[in-house]
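Presented below, as structure tokens, is a lone chain in the form predicted alone.
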């Protein structure tokens, strides 16, 4: 006993601890301080993401980060010590020897994950949220057969009967905000794009028969935008606050490519008729055409004017309609007589009326004969696509349309936005025929539907 006591006192005096190294308490703060600037989803240097235990375990372009129990064979350790080149953190002072020793001991002890359950990334809520008032609407879509209406809520997607008379299903997810929803052409799956600002961007893929989530693809450290499906329903194209465009395979959740053609946030995206090309728009004012398989930049579609917020494609032609801060909707061809990687108006088909304020929502009817234009203004305007003439105006009492959708028959228009209510308008006259909240409100707060 006397001998053991002397050993313990010696160990304490030398600063040696018998406690195992904690990933969550000891290593994570060091990684956040010195490593995550270069190794996070929006910019994975060497293909390595260090923002979670799972990502660290997955490793990067040169293989796994560590071999549990074998510190000196683990890249996580050799790169910190300088045994691997270049020494990390790249371009910064090396970690203190005591910090490097923590990594070495952690790997030698088995590299265990002790992250508390409460701290493990965004969680799917166990119960549907309750609402005192409807949230701002940024996503809605009709199913191909016209029987269902999907609407984005807070950490959920609500599936309604198409007329808004009943909520059929509530699909709970991680993202605080859903920016787009889309049904695959066969109506069997639903794809949602969104995220939580400043934390993550997410693509959700849902099987509608079983009402289960097939994939939750965390792509960036900030929210995602866009979310258009390829014509065959196999891929989704998204934009991000990291200035990147991504195409993701729906069946597997794998990223086909990540392209960096834009110089600012990419806010919307669309596939061409044959699915071989994509057009993306963003705050850098450009509508950019790229190869949908490789991400290779092909050309600029438009003349640069002001920030672009939204894009829609003609259902039967490779024409794209774009709108944004300059208040004018422009209809462009995706192809010009000869390839020129410049920004001009040689492919402009027509421009429509200047709106009262910035444009945030565009939609084509399924036969392509009508377009709807909305945004911060109090009116949503409907135009004849061929002539460019305005045929109706739909008044939004609260102003602000961020969602516009024609049902399959094209005789009505669904609009939603700032006040969280969905309104249905007659396309021919512009008159409102119905109004309803897409989310269930607490008793006493529900506004009557009209």
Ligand code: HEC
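In this text, rigid core is short for the largest set of C-alphas that superpose within 1.5 Å between two forms. Bear in mind the structure is a predicted one, so any value in this text is a computation, not a measurement. Residue numbers count along the first chain shown, from 1.
Absent from the display: the form predicted in complex with ligand HEC. The rest refers to it.
S.K.: Taking heavy atoms only, is residue 46 within 4.5 angstroms of ligand HEC in the model of the complex?
M.R.: It does: once ligand HEC is placed as it appears in the model of the complex, residue 46 has a heavy atom within 4.5 Å of it.
S.K.: Is it the case that residue 61, even though its partner is missing from this view, gets within 4.5 Å of ligand HEC in the model of the complex, heavy atoms only?
M.R.: Although ligand HEC is absent here, residue 61 would touch it in the model of the complex, with heavy atoms inside 4.5 Å.
S.K.: With the partner left out here, check for me: in the model of the complex, does some heavy atom of residue 89 sit within 4.5 Å of ligand HEC?
M.R.: Within the cut-off, so yes.
S.K.: I'd like to check something about residue 80: if you look in the model of the complex, is any of its heavy atoms closer than or equal to 4.5 Å to a heavy atom of ligand HEC?
M.R.: Close contact exists here: in the model of the complex, residue 80 approaches ligand HEC to within 4.5 Å, heavy atoms only.
S.K.: Quick one: find which of 384-392, 405-413, 419-427, 31-39 has residues within 4.5 Å of ligand HEC in the model of the complex by heavy atom distance.
M.R.: Stretch with heavy atoms near the partner: 31-39.
S.K.: Though ligand HEC is not shown, can you say which of 261, 285, 360, 75 has a heavy atom within 4.5 Å of it in the model of the complex?
M.R.: Residue within 4.5 Å of the partner: 75.
S.K.: Would you kindly say which of 248, 149, 312, 95 lies with a heavy atom within 4.5 Å of ligand HEC in the model of the complex?
M.R.: For this set of options, the contacting one is 95.
S.K.: Does any residue in 407-433 get within 4.5 Å of ligand HEC in the model of the complex, counting heavy atoms only, and if so which ones?
M.R.: Sequence-ordered list is empty.
S.K.: After the core is overlaid between this form and the one not shown, has the C-alpha of residue 91 moved by 2 angstroms or more?
M.R.: Comparing the forms between this form and the one not shown, which are aligned on their rigid core, residue 91 does shift its C-alpha by 2 Å or more.
S.K.: Please say whether, between this form and the one not shown, the C-alpha of residue 100 moves by 2 Å or more once the core is aligned.
M.R.: Superposed on the core, residue 100 moves its C-alpha 2 Å or more between this form and the one not shown.
S.K.: Residue 313: CA shift of at least 2 Å between this form and the one not shown after core fit?
M.R.: No, shifts by less than 2 Å.
S.K.: Quick one: in the model of the complex, is the Cα gap between residue 156 and residue 49 smaller or bigger than here? Answer closer or farther; it shifts by 3 Å or more.
M.R.: Closer, not farther.
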